[in-house]
Structures are given as C-alpha cells and as structure tokens.
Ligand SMILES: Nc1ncnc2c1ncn2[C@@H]1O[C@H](COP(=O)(O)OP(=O)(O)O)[C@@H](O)[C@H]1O
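This document opens with one chain alone, in structure tokens, the form predicted alone.
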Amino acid sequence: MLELRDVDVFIDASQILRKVTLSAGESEAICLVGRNGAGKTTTLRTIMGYRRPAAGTITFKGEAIGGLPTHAIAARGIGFAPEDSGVFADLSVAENIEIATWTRPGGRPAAERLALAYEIFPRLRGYAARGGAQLSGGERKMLSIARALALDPDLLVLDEPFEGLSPAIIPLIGESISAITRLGRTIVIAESNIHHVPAWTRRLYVIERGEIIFAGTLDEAHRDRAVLRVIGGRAS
C-alpha cells in the first residue's frame, strides 16, 4: 500500500534522510523507531508532503505521491496525527474532529465517520463541547488520532502517539489504535522508545542518522544487541 524507496531529504544544506526504504502493506501495522533527531518525524512529514524528496520515490496504492501537496495526499486517504497533536485550540473537540470530514468529503457519510471516531475514543464524546485548549496531553493525542480517523483513511500515520503520556493513559491509547487496526486500516507509527512499540506491530524499522539500519519483527529487534544499543534498550 505504502512504499518508500531510496528516499533522500535535505533541509537547507543538511541531508536528513539517506536512501530510506520501507513499506507497509494493506491492513498492516509497522513502526519506525529511532532516537530523537534520527529522522523519524522527517520521514513521516515527507510521506505527508511537508517535505519534498530530493531523490527516491514514495508510492501509495501504486500512485507516486512524493512531492504532492499535503491536502492532495490527505484527499487520497492518508490521515496524519502529528507529534504535537496539532489540535486547534480555538475549536471544540467536536469541531476538531468534523474538520477531517470537510478535508475529504467523498467516501462514507460524515455521520458514520464521526460515530466511528467517538466509538474508538468514547472519552471524547463527553468532551465534545470542550475547547481544544482545555484538554490534557493524553486527551489531545486521542483527539488528534480521532480527527485523522474521521478523514476515513486507508492509511494512518501516527507520530509519537505515546510520547510524554502518563503510564496510565498509554494502554488506553494503545488499545484504541489496536481497534483501528482491526478495522483493516494500515498504520505507520513512529516511536523513540522500543518499549512503547505495540506487540501487534507486524514489522519494525530502526532509523539512525537518517538511515534504516534494521528491518524485522519486534522479537528480532529485542534480540539484536546493536539495535538495542542504538535505541536506548539494554542488550542482555
């Protein structure tokens, strides 16, 4: 469904990504893991059109999307929840979610998409009238993912969905994301902590200094001493 092949990205004169190659198949959940500054967010933002590849290709459902504007990529069915959540502080929870139905007006009726977003994140239903600025960090993460889901995407791109959250809220958000995978949506997650990678993740990629240095299963990553050293785990 999604494939990056030999993608290079520069910011000003600095090369941030070097021949990044990864893929996510239909109904598959993959995770991109790396330290802060390794290139995770740049990879996701390049998928979403915020950055233009200097070389390489990005395809979604067989169509080249590298360099397309962000709104065009979203309209093709890719939802994005950024690391900072991107919640509109001056809008209510309900309005934040509804915006996604305007961004991609085709497909399923808006009412069905909104109902699904609240089904996956039922806590938000009780906060529908609350302003975005009145939410906790965990609630903003929920809202950001719910808004991306209301786009009715085939692919969800989630940047650090568990970062900075209390241990009590991480399992709740993890179960909600798992429920989305059971709907058959493809999910790409970026994470800096391998211990936050959900067990149901199909494949794992490790990025270091803008390069993919490992591709395999979560179990294989835990057995790889070099990988654990890079991403802050402990090699036994």
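The first residue of the shown sequence is 1; numbering continues from there. Since the structure is predicted, the reported quantities are computational estimates derived from the model, not experimental observations.
Omitted here: the form predicted in complex with the named molecule. The next part is about that form.
Comment: 32-40 is the region of 173-181, 195-203, 66-74, 32-40 lying near the named molecule in the predicted bound form, near meaning a non-hydrogen atom within 4.5 Å. The closest non-hydrogen atom of residue 16 lies within 4.5 Å of the named molecule in the predicted bound form. Contact check for residue 51: a non-hydrogen atom falls within 4.5 Å of the named molecule in the predicted bound form.
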